[in-house]
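Only one chain is given next, in structure tokens, and it is the form predicted on its own.
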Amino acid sequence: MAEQLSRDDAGTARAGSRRPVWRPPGWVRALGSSLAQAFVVAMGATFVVFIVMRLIPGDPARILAGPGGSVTAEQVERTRRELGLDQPLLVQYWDWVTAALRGDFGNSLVLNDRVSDLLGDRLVVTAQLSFYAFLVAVVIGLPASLLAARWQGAAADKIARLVGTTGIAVPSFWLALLLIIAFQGVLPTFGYVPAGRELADHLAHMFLPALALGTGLATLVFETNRAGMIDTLGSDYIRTSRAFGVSEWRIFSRYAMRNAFLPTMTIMAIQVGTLMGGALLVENAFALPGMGRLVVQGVLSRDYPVVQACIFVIVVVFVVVNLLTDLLYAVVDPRIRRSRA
């Protein structure tokens, strides 16, 4: 018996002498999980784009080898080897994505220039257009949704919902054509002026493209935030706040708006990638020198590196914005912060 007690005491002493296992804080684990998910999504999206580009009819090696009538099979095969197109698809994808992560997108097969140089100024134009369209959506959609929710069922609410439903159904490129016809001679409808040259002229040239691109997102923001505000204003804690005499303005601005904005923030984050994709069509309508023309030219000429680089940039922007939105959720909503901790 004494021997058994001594063994138990020795085991307890050893257990007590062990150092507790360190575990990272909850926010560190949540950040690591979000980064891992973002990496998987980015790699999956780029792989799908890479495979789809190879499924498009047409052989870039045959196009680059020379005029169709004078090209031999040996010339096509030699060009394919020089471009690395004779390698297995997985090998091609690995070589491309590892180089892209270093910022090296290779050379254009048609324009004989570095893809990163081609993307430089064009990416700036597309980013500016997407940013202005986002501002249009916020400036139009959020105030309209708050007013419609505050006076639910009124004539202004019904008109705003009718306009919003129509805005969702109208494609951005079709709205771009309507704006060109309606404002021709009033506002600049074609061309681009850099912001560093003349800011007022730059904003005038970007107003109609931003309006055409941002209208669809504005209607989504309006519908989502209006529904969230109406649902929040009818919740139990809002009724309790009113019963305790809290002012209507404080309830509306501090309690309802903050909670209703969470699903709206998700919609806005998801639509960032859609904005950059839609910008490619709007740029062609307004003759803006952005990534839109580059993508169209690359698809028509089977210029794999150019198209893949443009899609890669859009995917990375989409993933990064969604990652930042996921982290912003924890800042806006304390409940998410506590659950992750």
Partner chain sequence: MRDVDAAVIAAGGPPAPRRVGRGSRLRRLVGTPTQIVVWTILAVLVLAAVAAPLIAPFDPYTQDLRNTLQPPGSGHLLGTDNFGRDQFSRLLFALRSSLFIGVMTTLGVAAVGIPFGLVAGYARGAVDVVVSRMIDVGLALPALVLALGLIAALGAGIRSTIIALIAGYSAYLARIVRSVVLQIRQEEYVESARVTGVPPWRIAIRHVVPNVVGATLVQLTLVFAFAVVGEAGLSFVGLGVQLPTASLGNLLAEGSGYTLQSPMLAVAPGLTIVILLIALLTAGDGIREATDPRRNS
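Positions refer to the first chain, counted from 1. Heads up, when I say rigid core I mean the largest set of C-alphas that superpose within 1.5 Å between the two forms. For clarity, every value in this text was computed on a predicted model and none was experimentally measured.
Another form exists, predicted together with the partner chain; not displayed. Remarks below refer to it.
Using a 4.5 angstroms limit between non-hydrogen atoms, residue 228 is distant from the partner chain in the predicted bound form. The closest non-hydrogen atom of residue 44 lies within 4.5 Å of the partner chain in the predicted bound form. Although the partner is absent here, residue 165 is a contact residue: one of its heavy atoms lies within 4.5 angstroms of the partner chain in the predicted bound form. Within this chain, residue 277 lines the site of the partner chain in the predicted bound form, having a heavy atom no more than 4.5 Å away. Annotation: in the predicted bound form, residues 48, 56 and 169 each come within 4.5 Å of the partner chain through at least one heavy atom.
The candidate stretches are 126 to 134, 214 to 222, 102 to 110, 86 to 94, and the one lying within 4.5 Å of the partner chain in the predicted bound form by heavy atoms is 214 to 222. Of the candidates 73, 203, 159, 178, 178 is the one whose heavy atoms come within 4.5 Å of the partner chain in the predicted bound form; the others do not.
Only one of 142, 119, 187, 267 lies close to the partner chain in the predicted bound form, with a heavy atom inside 4.5 Å, and it is 267.
Residues are counted as partner-facing when one of their heavy atoms sits within 4.5 Å of the partner chain in the predicted bound form; in 135 to 157 not one qualifies. Core-superposed comparison between the shown form and the other one: the Cα of residue 105 travels less than 2 Å.
Once the cores line up, the CA of residue 96 ends up 2 angstroms or more apart between the shown form and the other one. After superposing the rigid core, the C-alpha of residue 50 moves by 2 Å or more between the shown form and the other one.
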